[in-house]
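Form predicted on its own, single chain, as structure tokens, below.
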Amino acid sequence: MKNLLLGSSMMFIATLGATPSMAQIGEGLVSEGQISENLASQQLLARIISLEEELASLRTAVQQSTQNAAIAREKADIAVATVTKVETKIVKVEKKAKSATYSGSESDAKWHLAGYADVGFVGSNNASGNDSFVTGKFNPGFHFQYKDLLMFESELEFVTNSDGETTTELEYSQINLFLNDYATLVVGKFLSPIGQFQERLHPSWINKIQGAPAGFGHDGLQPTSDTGIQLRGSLPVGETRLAYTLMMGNGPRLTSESAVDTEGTGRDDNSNKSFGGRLGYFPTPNIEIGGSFLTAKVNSYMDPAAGLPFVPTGPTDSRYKLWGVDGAYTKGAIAARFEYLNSTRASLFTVTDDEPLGEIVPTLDMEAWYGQISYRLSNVGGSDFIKRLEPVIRYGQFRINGQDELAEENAQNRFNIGLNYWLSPTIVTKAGLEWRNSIVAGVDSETRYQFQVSYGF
């Protein structure tokens, strides 16, 4: 097209060369038609020049667009290659995660690590007591779930004792089968469902005060765990709910001091099994009222190596019965709790540390209760420091009749006041005082100063 325009231009210029001059026009040699023709030719020439300029500009724009398209195509190719590499890495990571968890569907099996740890300090005004830093406990908990059918959970406890040795205990290890929305079958070693403290409140970052209430810790009245089977769940009752737990286990054992050891064991020492459970009723979502019971037979304590080289002068087993009630009110910043337990172990003939040839020990009656209230100052004032504070008060009693040695060590009134500071929802520092007033004549009372840092994870 450019060549055609250039040819036309040359012809037009030649024509102009043959056109008469203005002098000739002035002399009247050129007609008016020729003048009009010359003007039209000049206009055509101007139009041709304008079209050539537009064509050159268009060609430049097309060339620039072609270059931009090539650059964009190159960048797109690089982006596609990068995405392909990332997708390949993701597939490799997913394959590794899949082989490390479960060989089937990736959503079938899940696992979770939880637990708690604490460190602290305990001082005493008692001359026989020693002020000590305590390493507390480290309790990792493991949870493995398969679909909505089964979950295995277990908790270990690592503790450094007063001799500097580290002891390891299996707090619980159980399999939960989810039967339906209202029932779960639990098999294994589980925390005792009797009352509330052991099953729900004993972890140090949940427990509002350092240490358990009198009679509710290890070697107390409340059972800590059992090995057996549970059926538990909740049922709708109108607009409220009823929580239930029914259990059967190996049950408690008698110790060499004729006390009742309620720690779960991996093997029963008799054919009798313990039966128990708890019912909890929620009249409102913030209030729970519960009742618990447990019954079992305990055998006399005998040295397994020595056997029984004499004729017993009384029964060698006895009935152990326990019952209790509890209540809780939790709403917003306030939490109030109450628990009461009562147990009886009938008299029987057994071997003790003091009487290696055996004796008839009397009926053992034990009673323990506590009340506790705490209030988080989250709605008080504008200071962030004040909002993280939580004062707490607890009072309880532990009564023991029928075994003097056990009463001397544990029977007491116990009063606690504390102030907690929450660094985060699962990290708390505790400072408190504990007054232990023994009810046994000749046993000194004690005041303890406590400090603890607890972390739940």
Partner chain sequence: MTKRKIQMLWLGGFATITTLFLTSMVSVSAAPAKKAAAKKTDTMQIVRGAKAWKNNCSRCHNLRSPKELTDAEWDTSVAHMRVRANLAKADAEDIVAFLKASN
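All of these numbers come straight from a predicted model, not from anything done at the bench. Positions refer to the first chain, counted from 1.
Heads up, the form predicted together with its partner chain isn't pictured, but that's what we're talking about next.
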Could you tell me which one of G266, G381, P356, P285 places a heavy atom within 4.5 Å of its partner chain in the model of the complex?
P285
Here the chain is shown alone; which of K387, K321, H218, R200 has a heavy atom within 4.5 Å of its partner chain in the model of the complex?
R200
Partner contact for V186 in the model of the complex: its partner chain, 4.5 angstroms, heavy atom
yes
Any non-hydrogen atom of Y244 within 4.5 angstroms of its partner chain in the model of the complex:
yes
At the 4.5 Å heavy atom threshold, is T426 in contact with its partner chain in the model of the complex?
yes
Can you tell me if N180 lies within 4.5 angstroms of its partner chain in the model of the complex, counting non-hydrogen atoms only?
yes
162-170, 209-217, 272-280, 118-126: which one contacts its partner chain in the model of the complex at 4.5 Å, heavy atom to heavy atom?
272-280
Check all three, L191, R232 and R376, heavy atom within 4.5 Å of its partner chain in the model of the complex:
yes
Given a 4.5 Å distance limit between heavy atoms, list every residue of 144-170 close to its partner chain in the model of the complex, or none if there are none.
Q145, D148, M151, E153
